[in-house]
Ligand code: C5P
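Have a look below at one chain only, the form predicted on its own, in structure tokens format.
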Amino acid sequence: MKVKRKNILKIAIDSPAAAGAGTVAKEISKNYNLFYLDTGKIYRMIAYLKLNFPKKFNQNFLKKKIESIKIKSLSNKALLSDQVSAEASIIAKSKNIRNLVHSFQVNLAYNPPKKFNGSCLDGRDITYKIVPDADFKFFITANIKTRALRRYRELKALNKKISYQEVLKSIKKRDKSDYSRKISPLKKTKDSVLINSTNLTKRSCFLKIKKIIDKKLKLNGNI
């Protein structure tokens, strides 16, 4: 990894699937001019490659793909499919794959492009594995029915033919996998601020987190 940039703002967010972390992380990044990385999308991209290029899928193929990742490519709507989500949860258990992704994530967290004031990453193991010394750590969650409904609406907006019950089942399966896996399981660290977004709008969730950040930055004389 390159020499770490000094005096940058680092925000780490962990959350279960469809808790709204990605949406609020984008708003936080925009507000503070931070480089944003949805780390879950990287595993979704790998899952997509595995499903679509099974014969080519090996360590060398994957390493080249990760090294050539363009952040814009992670916004591909194909990565949102339920099949890709399920596969992503499976491959996230692989030690070899996590090692390849780890260095990519850490480098962007500590060496964001110079036009940004820092970085904001969200995923499953960001607060304790990728950016353990983050200036701010948050664990965003919501009850499972709310999360399933959010994902269902998201998929329906993309004209995906899927039922709410199928999405709920998928979210439950994803949760079990994320929380119980031996390698980098999803967990709330003691120094992470818990944000329950069940009854919060996107705007109110953003403002709640912004208030916490601004208060500490003001105390430190940064704003």
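We number the residues from 1 along the sequence you see. Just so we're clear, the structure is a prediction, and the values are computed from it rather than from any experiment.
A second form of this protein, the form predicted together with ligand C5P, is not displayed here; the remarks below concern that form.
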| task | Name the single residue among 92, 109, 134, 140 that comes within 4.5 Å of ligand C5P in the model of the complex, judging by heavy atoms. | result | 92
| remark: Given 63 to 71, 39 to 47, 193 to 201, 152 to 160, the stretch touching ligand C5P in the model of the complex at heavy atoms within 4.5 Å is 39 to 47
| said: So, residue 126 and ligand C5P: in the model of the complex, are they within 4.5 Å at any heavy atom pair? | reply: yes
| Contact between residue 27 and ligand C5P in the model of the complex at 4.5 Å, heavy atoms? | no
| Neighbours of ligand C5P in the model of the complex among 148 to 178 [non-hydrogen atom within 4.5 angstroms] | 174, 178
